[in-house]
Each structure stands twice: as structure tokens, then as C-alpha cells.
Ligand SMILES: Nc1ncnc2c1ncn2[C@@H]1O[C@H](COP(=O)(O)OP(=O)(O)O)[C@@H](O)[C@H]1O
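Consider the single chain below, provided in C-alpha cells and representing the form predicted alone.
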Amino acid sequence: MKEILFRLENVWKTYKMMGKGIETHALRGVSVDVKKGEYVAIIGPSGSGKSTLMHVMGCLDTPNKGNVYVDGKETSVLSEDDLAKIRRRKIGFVFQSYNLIQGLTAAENVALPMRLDGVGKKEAIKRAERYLLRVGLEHRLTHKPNQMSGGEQQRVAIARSLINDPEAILGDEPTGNLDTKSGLSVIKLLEELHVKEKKTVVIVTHDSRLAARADREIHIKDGNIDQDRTNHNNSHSH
């Protein structure tokens, strides 16, 4: 039995509209497990709750009701400090908007999570350069985000998500801002990390072609899991 890395039990997430008293249920009693080493796509239309699901899974957001476990630990009892550690060490995040710091070079952006963990600058930069090499950006080490294409910036973001060697990479629409070709190269990079390094990869997408490449698709509709199915025909899998 593979160990479970993320477990959500009857999770509700409700947002209140500012000043209106209207409640939106982004998640309605969702229960789901993601095992270590799985490659999962969470798919659904805009506003279906798929990003909320990932944010709750990755401890970026807390549910109103229900339990979230990361690697067997119940997150609701953890301090803000411990949650930050989980986010920094166990999980690498990749967002649609890259979230790079404009004034920093590619290497400095990638080194950031290590610096936050107290690693010295020189060592962090050295390791960052190694990771940039792995995502095919050795020629961009000293470039700033505005000197790179969208696809390159997203590769920098992936290198940054890997720097602390997390168990899981969570990507929220990681190809959302990219053209088809760059998007595919980013997905292939994530797939390679999944296959070669046994990383758990969870991506949120509204693109059924990308979702079909994953080992498993979780379809979200109106805050509920509509479908949870395994894809058997994947070319990239072992």
C-alpha cells in the first residue's frame, strides 16, 4: 500500500462576500486521498472549487469544516510556524502567474525558499544554479523575469518549487498563461519529475487534454467531486 500524502475528510470551504453577507461554498464536503508518488489532475470549469481544493491541500488555505492531513499530520492542530515549514519543505508550488520577484535574477528567485530556511546566500545560489540547469535554463541564471519568456519564467518557478526537494509539487493552472508549445514543455517537465524522481504531482487545470495525461483525474463541479478516475493509457507512465 502506498502511503497517503494528502487526505481531505469532509472538507467545506465557504467564502463570505464582503459586506453582502452572501456565502459561497467553494468546497462542499469533499473527501479525497492523494497517495505518495501519484500524478493527479484536478479538473473543472472556472469557479468549480478546483483551486480552493489545491490551496486547502497545500495548507495555503484552511477549511471551515472537515480535516486535512499532510503526511499523516492533522493540519488544524499545527501552529502557523509548522504549517509554513510544511509549505516550504514538503510542497513545491507553481502558480499560473509565476510569482517571481522582478528585481531578482533567475538564480536569486530560485534560491529564495532556501534563504528563508536560513541557508547562506552563496550555497543557496549554487544550488539554485543546479536546479536551473535541470529545467534547461543554464543560459538564464542572471536574467531577471522581464528578460525571459513566459515559458522560461514558469521553468524558473518550477526550479524554485524544487529547491528544498519537496515530496509534492502542486501546480495551479501552471500552463494557464502559456502558449500551447511552452505549456506542453512545462507539463513534460513536471511529468519527468514524477516519473524519474517519484514526486507526487497535483495540477489544477481546465484543459482536458492536460488532465488526460495524468494518472488520475479528479473532476470538480460546484464544490463537489463529480468524478474520480484512473487513466490507464498514459504514454509517459512507466
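Because the structure is a prediction, the values reported are computed rather than measured. Heads up: residue numbers just count along the shown sequence, starting at 1.
Not pictured, yet referred to below: the form predicted in complex with the ligand.
Enquirer: Residue-level contact is defined here as any heavy atom of the residue lying within 4.5 Å of the ligand in the model of the complex; does Leu170 satisfy this criterion?
Expert: So Leu170 does not count as contacting the ligand.
Enquirer: Even though the partner isn't displayed, in the model of the complex is Thr175 close enough to the ligand, meaning a heavy atom within 4.5 Å?
Expert: No, Thr175 sits far enough from the ligand in the model of the complex that none of its heavy atoms falls within 4.5 Å.
Enquirer: Contact with the ligand in the model of the complex for Thr200, defined as at least one heavy atom pair within 4.5 Å: yes or no?
Expert: Looking in the model of the complex, residue contacts with the ligand do not include Thr200, since no heavy atom lies within 4.5 Å.
Enquirer: My question is simply whether Gly183 lines the interface with the ligand in the model of the complex - judged by any non-hydrogen atom within 4.5 Å.
Expert: Residue-level check for Gly183: no, no contact with the ligand.
Enquirer: May I ask you to choose, among Gln227, Thr230, Asn10, Thr24, the residue with a heavy atom within 4.5 Å of the ligand in the model of the complex?
Expert: Filtering the options by heavy-atom distance leaves Thr24.
Enquirer: Of 30-38, 209-217, 192-200, 43-51, which is the one stretch near the ligand in the model of the complex, taking non-hydrogen atoms within 4.5 angstroms as near?
Expert: Contact-bearing stretch, as computed: 43-51.
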